[in-house]
Every structure is written in C-alpha cells, then in structure tokens.
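Form predicted alone, single chain, as structure tokens, below.
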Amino acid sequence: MLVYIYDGSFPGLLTAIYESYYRREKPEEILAQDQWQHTLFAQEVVIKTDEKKADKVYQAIKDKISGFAARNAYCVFLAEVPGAEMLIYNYLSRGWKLGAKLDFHLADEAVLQVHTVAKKVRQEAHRMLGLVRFRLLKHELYYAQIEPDHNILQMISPHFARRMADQNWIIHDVKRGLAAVYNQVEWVLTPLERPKTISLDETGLFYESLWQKYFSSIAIKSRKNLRLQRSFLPKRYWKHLVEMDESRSRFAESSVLSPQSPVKTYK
C-alpha cells in the first residue's frame, strides 16, 4: 500500500498531487503527518512541501479545469473531514480528463461528495460573517472567539479586514488554537491558545449590556419558539453570542461612562 505523508498544509497536499502525477504513481492514501500511524505493509513516501510545485498545480487546476474546481478543492481541505485528501485527489483526477465539464458530472460519486462537502464549508463561512461578536478589550483591541465546525478562519478574515480596516482586531478559533490578527494594515494567521481571562474595556461592557437589553426588549415572549430558533441558528453557535449569554450582562446604572462605539455585529 502506497501512502503519501505530507505536512498537513494545503500547499503540502498540492505538492503531493504534483509528485503523484510526475512519478506516475497513485497513492492509496494521502495523510497528514499527525494522522499517520506506521503499519507493517505500507510503503511510506514523505512529501516535502514545495511552494513552486504547489502553485503550478493550483494554476493548472484553474487553467485546465476551472477556478470553481480550485475553490472546491480548497473548501474540502478546510472541511477537515476524514479522507479529504483522497477525495480531492480523485476529484481532480477526473478533472484532468473532463476539463471544465467536471462539475456537471454530479452522477460521479467523487464529484458529488466534493460538492456536498464544499457547500457545507461555504455555508458555514457565510453564516459566521453574521455570528462573529467582537468584544472591546483594553488598549482599543477588538477580540472575538469562534468555534466553527470547519477551519474557515482564513475564509472569513478578508471580509473583516475590509469591514474593520480602521481597527485592531483578533478573531480567535479557540477550537483549533488559531487566530487571525489584524493591525490596520494586514492580517496574519498565528497559533494562539485560549486565554484564561479577558480584560474587557468598561465602554465595551456598557454597550454589551445595551445590546442585551435591546435583544430582550424586542423579543415577544408569547411567541418564543426555541425549536424554530435552533433550526435557523444551531445551538452550538450560541456560546459566543453576547445576546445569548445572560451572565455577561453587567450594566451598571451608576457608572459614569463615555461611550465611543457600539459592539460590532455583522450580518
């Protein structure tokens, strides 16, 4: 059994696809280093990531198949589903033969699976644009925590770089220990552990409380339907929504504050 081992990055996967093509061999599995467990009968081939080779493969996908196929492959990679690498490999293998017609062949199991997974990733990325809740920390830094099902942080970060171009912010995927950090110039991805405590700005707390009060005041208790609410907004996303967490309400009637900007929400 031929197994390609790569570093777990998208360029690493594209390099593995490049090597498979030019070596004229088809791996039975392509696995990230942290997923691979040595077995007696496997022939292991360690693939060293090469950015130039990866770029050639990605450009070839766009030129010989389509840009949509390239985006599909990337979305499936970010889905982090078991067997994603071979799913992408089989999808592109068909693409080299079918060209731009690839994504019309939905009767092909590999094509259909890629479309199904990629659609879920795109939907969650789109949904998350309206679910990121920034909290104002001290030193005028906006911070938000998310825990998406898929690794979509790099998909949503450009949106917030445009929408909040004049602010310093961090979007923290606490599930994966990864953060997008923006400094009013550019954003970068960096490893970041879950903070034990967060020092909130008093002005931010003031506006959070106002937002919670507004959210409560517009609710019609007689028409409350949690089941329907969960169908539109799955409960797994509630954890980081300011308006869904009553424990965060710390409005002080006697506080003398000078509000500057409201809690930022995007839909």
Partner chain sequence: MELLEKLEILANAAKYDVSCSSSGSTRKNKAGGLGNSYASGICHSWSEDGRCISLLKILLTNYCIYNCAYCVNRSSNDIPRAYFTPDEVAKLTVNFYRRNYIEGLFLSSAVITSPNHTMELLTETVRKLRNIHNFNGYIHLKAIPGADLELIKEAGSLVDRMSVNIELPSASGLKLLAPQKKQDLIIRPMDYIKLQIYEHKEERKISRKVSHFVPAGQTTQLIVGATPDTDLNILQLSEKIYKNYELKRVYYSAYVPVSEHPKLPQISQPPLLREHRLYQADWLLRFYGFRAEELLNESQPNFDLELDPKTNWALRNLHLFPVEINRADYETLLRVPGIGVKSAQRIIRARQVRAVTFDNLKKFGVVMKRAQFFITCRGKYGGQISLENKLLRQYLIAKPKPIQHSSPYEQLSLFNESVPSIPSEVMLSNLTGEL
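Bear in mind the structure is a predicted one, so any value in this text is a computation, not a measurement. Residue numbers count along the first chain shown, from 1.
Form predicted in complex with its partner chain: not shown, discussed below.
A.B. asks: Which of these stretches, 214 to 222, 57 to 65, 44 to 52, 29 to 37, has heavy atoms within 4.5 Å of its partner chain in the model of the complex?
C.D. replies: Correct option: 214 to 222.
A.B. asks: Only one of 145, 154, 167, 90 comes within 4.5 Å of its partner chain in the model of the complex by heavy atoms, so just point that one out.
C.D. replies: Comparing distances to its partner chain in the model of the complex, the residue within 4.5 Å is 167.
A.B. asks: Have a look at 130, 177, 99, 195 for me and say which one sits with a heavy atom within 4.5 Å of its partner chain in the model of the complex.
C.D. replies: Contact residue from the list: 130.
A.B. asks: Does its partner chain come within 4.5 Å of any heavy atom of residue 136 in the model of the complex?
C.D. replies: So residue 136 counts as contacting its partner chain.
A.B. asks: In the model of the complex, is there a heavy atom of its partner chain that lies within 4.5 Å of any heavy atom of residue 77, even though the partner is absent here?
C.D. replies: No, residue 77 sits far enough from its partner chain in the model of the complex that none of its heavy atoms falls within 4.5 Å.
A.B. asks: Determine whether any heavy atom of residue 199 comes within 4.5 Å of a heavy atom of its partner chain in the model of the complex, and answer yes or no.
C.D. replies: Residue 199: no contact with its partner chain in the model of the complex.
A.B. asks: Contact between residue 70 and its partner chain in the model of the complex at 4.5 Å, heavy atoms?
C.D. replies: Residue 70 lies outside the contact set for its partner chain.
A.B. asks: Along 224 to 241, which positions have a non-hydrogen atom within 4.5 Å of its partner chain in the model of the complex?
C.D. replies: Result: 224, 225, 226, 227, 228, 229, 231, 232, 233.
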